[in-house]
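Only one chain is shown below, in structure tokens, and it's the form predicted on its own.
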């Protein structure tokens, strides 16, 4: 059995009368890539800051390589890419990397960093001449200067175009292949699906799911039937074989665990159907269902 490199045990964080994290148990093993997901205000940033030692928890224990969170021992083995990074625009990536490397006793060689993050084409350009994607790859290289074992990526591709995002994904996959452990927060659900093997989903400061991405999808194994149709969605929503139904202009989407029964009923209903498809649930739809379920529970308590 692996010894976890991050061990969060029964951690609670309170601000006055507000509980931001509630009895969190979380472990990270060597070489794992974990996507930490949840709506705004779910507690993602607070959990990360607690692991980094930037926020003191109210209850519980946090260890990083058996050292206290925020200790020098822990910090020397962690690299971070935060959402908002400000660097002097007049320096080049080579100059920034040289400066950051000087902070560490045994930094990675510059040529290794440049190759690992594919910085060759712009290593000698000034920062103000780089694209958003190029800057993000530089920030990731800066986080790697001290050859950390754990890397935190907080919304690493926000605001990037699709091409730049895919380039950064490839860089992150290189880090995983190099044996690095990664905790990733993102609002791009396809990003979590592409990069992470494990998903941790927070709702109102509590972990609602922690496990393999494939297992998460299996728990919500409904299918989505889409078609252009003049169906009455309120009538379809009343069918006991239908989980949810929505309309976007002339396209209707029906979520169901009983595809054959719903299709048969649709074909018998004498309504117009065209461009009909049946597909597996997307990660985004699953997240929406969990959020709705949690909202229903909260409403029930309030009543």
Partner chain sequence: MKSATLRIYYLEAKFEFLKAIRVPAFTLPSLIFPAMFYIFFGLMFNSGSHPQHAAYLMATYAVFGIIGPALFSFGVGVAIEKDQGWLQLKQASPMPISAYFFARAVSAALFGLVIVMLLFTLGALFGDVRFTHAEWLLSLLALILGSLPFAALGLLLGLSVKGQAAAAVVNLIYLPMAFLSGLWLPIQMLPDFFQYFAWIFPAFHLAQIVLAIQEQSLGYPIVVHLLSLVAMTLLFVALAMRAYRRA
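Quick caveat: nothing in here was measured; it's all calculated off a predicted structure. Positions refer to the first chain, counted from 1. Here the rigid core means the biggest group of C-alpha atoms that line up within 1.5 Å when the two forms are laid on top of each other.
The form predicted together with its partner chain exists for this protein as well; it is not shown, and the discussion that follows is about that form.
Just one listed stretch, out of 195-203, 166-174, 85-93, 115-123, contacts its partner chain in the model of the complex at the 4.5 Å heavy atom level, and that stretch is 85-93. In the model of the complex, at least one heavy atom of residue 99 sits within 4.5 Å of a heavy atom of its partner chain. The closest heavy atom approach of residue 226 to its partner chain in the model of the complex falls outside 4.5 Å. Its partner chain in the model of the complex is approached by residue 49, whose closest heavy atom lies within 4.5 angstroms of it.
Taking the partner from elsewhere, residue 80 is found to have a heavy atom lying within 4.5 Å of its partner chain in the model of the complex.
Checking 276, 54, 264, 61 against its partner chain in the model of the complex, a heavy atom within 4.5 Å turns up for just one residue: 54. With the partner removed from view, the residue among 217, 75, 135, 180 that has a non-hydrogen atom within 4.5 Å of its partner chain in the model of the complex turns out to be 75. Along 104-124, one residue reaches a heavy atom to within 4.5 Å of its partner chain in the model of the complex: 104. Core-superposed comparison between this form and the one not shown: the Cα of residue 71 travels less than 2 Å. Remark: with the core as the superposition reference, the CA shift of residue 123 between this form and the one not shown reaches 2 Å or more.
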